[in-house]
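First, one chain by itself in structure tokens, the form predicted on its own.
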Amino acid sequence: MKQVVIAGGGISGLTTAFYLERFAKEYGLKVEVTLLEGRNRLGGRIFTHRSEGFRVEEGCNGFLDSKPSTVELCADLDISGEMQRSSDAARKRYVFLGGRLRKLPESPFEFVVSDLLSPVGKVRLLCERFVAKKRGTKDETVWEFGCRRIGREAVENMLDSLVTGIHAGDTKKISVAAAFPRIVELEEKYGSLLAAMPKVAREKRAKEGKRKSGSVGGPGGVLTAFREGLHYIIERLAERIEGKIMTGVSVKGVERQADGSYIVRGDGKERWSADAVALACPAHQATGVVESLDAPMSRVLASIQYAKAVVVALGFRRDEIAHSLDGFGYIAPRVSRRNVLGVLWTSSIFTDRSPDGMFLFRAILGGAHRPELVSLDDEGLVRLLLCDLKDALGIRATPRYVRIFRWPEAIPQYHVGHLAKLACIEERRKNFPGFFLTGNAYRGVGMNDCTRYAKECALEVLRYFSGK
């Protein structure tokens, strides 16, 4: 019987454990899993808060159905019927610029007539077809890549919104190759992002058929969650895992033994023997665990920074809001100089998340540009958000429902040099067969990335056991 210890009870750790047990049975291997989670609950950044008839996602808000990994996981868990696609009425996305909301274009024609960019900015973007491909191997920031290909105005007004919405990061620090590898691939393959768009669209239609997607300026796919909230998948994963799941247990270190096995140290005298270890915890936690195993790897993990963020949920009476709220919500790029990173119109996205007659907003503040807001008191946060909602939506009413969730280490930042860090980690990891890393600190911050690489981690563990 092979013993595997997984540190981290978020979506990455649970998915790794689930597929490890599932595939072990298919391969005829006997594996016993022990999953350790430092907090007193499972789920990590995924947790659904329920109170007063509202359902609020404290962290992650869902996943896009355009990538297969989480959809496939739901099928493997037999919970596909519980998936909840966001409302078709919430496809419109907005950007707050120049003191008002501006709709992100959903077609080339809408882009031409939109006021997101000045005439000069539009011409510069359309000239992207004639911009030469990058030469050399420099690790460009999103800012450098965007200014080179589509112009500064488009970066400030549009591309910054993408980075804000996904990473809560700084375009002048985030590596485009690490955070948005697909964009880099398109430039390399087609020479132009504009030239690539119709070809990629045709390829998608051929594979998937026509389906609702995001706007030209937004992500592809439809935001998806579950009727009971996103934490539903965490609960189902925990039910299906046959091994031991222990919460309130912090992993303090990992040591390799002379026979190639590992000892995992917890609080006090707690110890677990393992033939393989998988760390599925955030990098800022993994660094302390790895320090006793390999100091150079620990230092690289410690260099992966995190953006701070705070989620503020406000509930209003619907009849006190004049705006139609016919969309997904809005992002406030850095150039707009707002307090919020973005505001989701949750009751438009998922119509059952608030009581009848009420409307739920879910705002995110902080990020790379305003980290100090995470430490602001509750009253101050609500005051700042109400100021922004007044300017953007004309709301002057008093919220009837308030909930605040703080994340001091919310989203890993893939700064320039991130890919070099990953290469260094992989090189150091070769010295420790049977030791694995997974999670959103490495190759993608979204839920789909977590489930994809957790599944790959489970397969990697089994390949190690089978000697392949």
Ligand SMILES: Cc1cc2nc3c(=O)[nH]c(=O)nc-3n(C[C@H](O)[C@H](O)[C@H](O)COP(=O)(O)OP(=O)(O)OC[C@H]3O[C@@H](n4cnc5c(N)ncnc54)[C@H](O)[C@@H]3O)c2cc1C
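Everything numeric in this text was worked out from a predicted model, so none of it was measured. Residues carry their position along the shown sequence, with the first being 1.
Quick note: we don't show the form predicted in complex with the named molecule, though the next part is all about it.
Look at the stretches 396-404, 23-31, 41-49, 427-435 and give the one with heavy atoms within 4.5 Å of the named molecule in the predicted complex. Stretch with heavy atoms near the partner: 41-49.
Check Arg362 for me: does it contact the named molecule in the predicted complex (non-hydrogen atoms, 4.5 angstroms)? Output for Arg362 is yes: heavy atoms within 4.5 Å of the named molecule.
Is there a non-hydrogen atom of Val445 within 4.5 angstroms of a non-hydrogen atom of the named molecule in the predicted complex? Val445: contacts the named molecule in the predicted complex.
With the partner left out here, check for me: in the predicted complex, does some heavy atom of Leu237 sit within 4.5 Å of the named molecule? Residue-level check for Leu237: no, no contact with the named molecule.
Answer yes if any heavy atom of Leu117 is within 4.5 Å of a heavy atom of the named molecule in the predicted complex; otherwise answer no. Judged by the heavy-atom cut-off of 4.5 Å, Leu117 is well away from the named molecule in the predicted complex.
Find the only residue in Val340, Cys281, Val163, Ala313 having a heavy atom within 4.5 Å of the named molecule in the predicted complex. Exactly one residue meets the criterion: Cys281.
Heavy atom within 4.5 Å of the named molecule in the predicted complex - the one residue of Ser375, Ser250, Ser273, Ser80 that qualifies: Of the candidates Ser375, Ser250, Ser273, Ser80, Ser250 is the one lying within 4.5 Å of the named molecule in the predicted complex.
Does anything in 282-298 come within 4.5 Å of the named molecule in the predicted complex by heavy atoms, and if so which residues, in order? Pro282, Gln285, Val289, in sequence order.
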